[in-house]
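The form predicted alone is given below as one chain in structure tokens.
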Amino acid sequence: MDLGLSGKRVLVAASSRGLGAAAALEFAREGAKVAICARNADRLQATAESIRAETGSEVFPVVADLTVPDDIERLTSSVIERFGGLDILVTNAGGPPSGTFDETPQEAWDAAVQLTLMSAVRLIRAALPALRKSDSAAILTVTSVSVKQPIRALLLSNSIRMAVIGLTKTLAEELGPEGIRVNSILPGWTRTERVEELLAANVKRYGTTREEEIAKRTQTIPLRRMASPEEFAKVAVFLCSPAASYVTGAMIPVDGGAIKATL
């Protein structure tokens, strides 16, 4: 299937590794021009070079901290200037730290709101004027299966990602008449650096082994395994593509069937 992404202009946030990097690579494979961002300049440049080498597509790396409003303004304006506009925005950010309610201080809540919710708000606000000029505009927020069923010791993610879902559904309603589609992916357990960090934290917290922590998660997944980042990325790219032109306001799990709820 031709997804219609050749030449499209895409910004994928928090994309030097993990789900963001996988999505950026998949967009580039489809012939899109891709802008990526991260705080770590060396890792960002290495990711950009790797994507260019594999795909031959244009990749524009911008160092930016998504918790800093001025960085978001600089990021989006530089991408729009470089590409002459913007067609697709993927709002993504590293997840907030793990912990229970008693372990989580107030400042961690404040930081998590800025990282998880306000980064998406600011990215969308900054990109919207350019997206309104596109004939195939799409916004994708990356949330988590935790918006359907909370994950143990991920209090901040469980709580704040729900707000991103509220934002996504509301924007789908508000921007739909303008032809701008807004969807969200709910990734389940996926083999990324972030998940390895969470596994290590739980090993320390509960005195278990890495293998035991993996087994806890995969035994309730019908497919009995974690996803690869590429499996997430293929769904993300389809949802943002013209091939999904009548899909908006959707919350799509990529979780191997882990969510048991019927709604």
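For every residue, the number given is its place in the sequence shown, counted from 1. Given the structure is predicted, the values throughout are model-derived calculations rather than measurements.
Same protein, other form: the form predicted in complex with a small molecule, not shown, and the subject of what follows.
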| the small molecule: the contacting residue among 58, 231, 65, 213 in the predicted complex [heavy atom, 4.5 Å] | 65
| task | Please pick, from 173, 103, 193, 110, the one residue with any non-hydrogen atom lying within 4.5 angstroms of the small molecule in the predicted complex. | result | 193
| 4.5 Å heavy atom contact with the small molecule in the predicted complex for all of 14, 94 and 187 | yes
| said: Taking 4.5 angstroms as the heavy atom distance cut-off, pick the stretch from 165-173, 143-151, 77-85, 125-133 that is near the small molecule in the predicted complex. | reply: 143-151
| Any of the heavy atoms of residue 39 lying within 4.5 Å of the small molecule in the predicted complex? | yes
| Can any non-hydrogen atom of residue 19 be found within 4.5 angstroms of the small molecule in the predicted complex? | yes
| field | Exercise: residue 161 in contact with the small molecule in the predicted complex, heavy atom 4.5 Å | value | yes
| field | 4.5 Å heavy atom contact, residue 43 to the small molecule in the predicted complex | value | yes
